[in-house]
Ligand code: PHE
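The chain below stands alone, shown as structure tokens; this is the form predicted alone.
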């Protein structure tokens, strides 16, 4: 078969925007603030930052190295690396996991992306103005109870995602991220500045950066590790396939550090955009997942027209973050299907998109008409879980972690050291030796503990 050369990113900066868009998602803006609040504030942030450096950057470098070194999508990339290193053909299964797991993540991620679109429109047209106590929770529950609304908004997010990916690297992904990512950062900075002026900014800084070391427990460390792992989009195929479009004269270590830094910055800025307002209005920061979709709409409603404006910007920000992540999750399967011109990119995007959309319907219905369906109730681990919870747990909490564990072993033990030396471009330097030690020993052992905690 004739080798098909992938398109390449226009520049390292364009790749950085795309990779940060993949990493930056609802996990940073929706999940990070309430997880920080529930896990000791500054103590959690400190552990989180350490794990990003020790776990996140080495794994990012490994995934980018495999993609860029082969210029192929995950299945062919793993296969080629294994062949060149005379490693077992069983590693090919890891490549397939890297294209199938993202579709599983998409089935529930697209549903939540639909929530953000619904809320952005609702607050923009004034439907969430003048909320009374209990109204916000009722509105959110009504959305969950409406099969038609959930399917409509999920379908809209799916159509947007499929349409962007179908247009290809230059016309689709590049154009989208060069517009959405700067817009995302501008909106986030505006929200942070507004919150710092009108809210309890100093209290928020102390909350996030004044650690209480007595709160550091094994559970907190594991929670921080899980947040860092999923926030950086590791084990989901996105970074590997984005790396396959990376020009060979661009430094992988620099790109990995840039992605990790930018992703962490967005998470911290999100905290500074949310906590000052939360503290100023006397809202409990440990409100959990409802902090964004239930609590904050009440706060924005109390702020009058300025609250409507910034509430719209906030949920538009969430929608942008969701879309930049969904396109990166669809890309591995589309790249795989269109590899070797098996299908056109447009047809591959439609086929892969139809697959996750179809399963996404059952996810959207799992909190209403299918709420009593517990597909794996016969297994103790999944007892009481509905369809959405099972897919979420398996895709995000099991297989993404397992992918990260296996790719660290693959990069550290299966790939020849000479290949990693050449692809990373650091020479046999101290930095390379540190990466090699981390990816060979520290990351596998650490991720294995996370996997053990999640599954057992």
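Positions refer to the first chain, counted from 1. Every value quoted in this text rests on a predicted model; they were computed, and no experiment measured them.
The same protein has a further form, the form predicted together with the named molecule, not shown here; the description that follows concerns it.
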query	finding
The named molecule in the predicted complex: contacting segment from 235-243, 297-305, 140-148, 114-122, heavy atom within 4.5 Å	235-243
Heavy atom within 4.5 Å of the named molecule in the predicted complex - residue from 107, 328, 270, 157	328
Listed residue (27, 58, 412, 42) with a non-hydrogen atom within 4.5 angstroms of the named molecule in the predicted complex	27
The named molecule contact in the predicted complex: residue 204, any heavy atom under 4.5 Å	no
Heavy atom of residue 400 within 4.5 Å of the named molecule in the predicted complex	yes
In the predicted complex, residue 336 touching the named molecule (heavy atom, 4.5 Å)	no
Partner proximity in the predicted complex: residue 230 to the named molecule, non-hydrogen atom cutoff 4.5 Å	yes
